[in-house]
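In the block that follows, a single chain appears as structure tokens, in the form predicted on its own.
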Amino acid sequence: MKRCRHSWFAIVLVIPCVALAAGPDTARQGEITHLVRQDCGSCHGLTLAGGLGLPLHPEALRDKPKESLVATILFGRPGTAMPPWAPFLSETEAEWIVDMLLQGKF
């Protein structure tokens, strides 16, 4: 049986990617959930059904590209009341927020 001498290399590259895909740890998820419900909810409505900001329910977001939603969270929307959250959230955390919003989990 012939063994690939580079198989360890693939493992080294895959493990960090899998860890990043998992999203924030449980404690940070709680902090982010609080931020979404309170801070985002102050404009998007406490039930995220809309207010000053647009609704954040899955139906309202479904046709928007995930990358665009992540960018909006991180960098805001110039000329609107949507602030940039990059000083407080990583890209991985913003992706996790979008995933949870699209699943209706907030």
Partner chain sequence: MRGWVPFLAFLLLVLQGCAQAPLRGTGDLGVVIERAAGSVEIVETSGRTVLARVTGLGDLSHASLNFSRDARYAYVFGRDGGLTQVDLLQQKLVRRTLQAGNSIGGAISQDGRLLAVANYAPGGVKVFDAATLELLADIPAVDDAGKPSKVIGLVDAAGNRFVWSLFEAGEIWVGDFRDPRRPQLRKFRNVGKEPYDAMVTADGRHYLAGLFGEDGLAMLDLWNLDAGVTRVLDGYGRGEEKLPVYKMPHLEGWAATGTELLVPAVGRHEVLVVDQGNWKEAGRIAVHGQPVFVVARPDNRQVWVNFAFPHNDTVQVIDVPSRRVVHTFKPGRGVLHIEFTPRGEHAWLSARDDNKVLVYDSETFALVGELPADSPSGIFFTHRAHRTGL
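Positions refer to the first chain, counted from 1. Owing to the predicted nature of the structure, the values given are computational and were not obtained by experimental measurement.
Here the subject shifts to the form predicted together with the partner chain, a form of this protein not shown in this document.
Under a 4.5 angstroms non-hydrogen atom cutoff, the partner chain in the predicted bound form has residue 39 among its neighbouring residues. The partner chain is not shown here, and in the predicted bound form it never comes within 4.5 Å of any heavy atom of residue 24. Although the partner is absent here, residue 96 lies well away from the partner chain in the predicted bound form, with no heavy atom inside 4.5 Å.
For the chain shown alone, residue 30 is not a contact residue for the partner chain in the predicted bound form, no non-hydrogen atom being within 4.5 angstroms.
Heavy atoms closer than or equal to 4.5 Å to the partner chain in the predicted bound form belong, across 81-106, to the residues 81, 83, 84, 85, 87, 88, ordered by sequence position.
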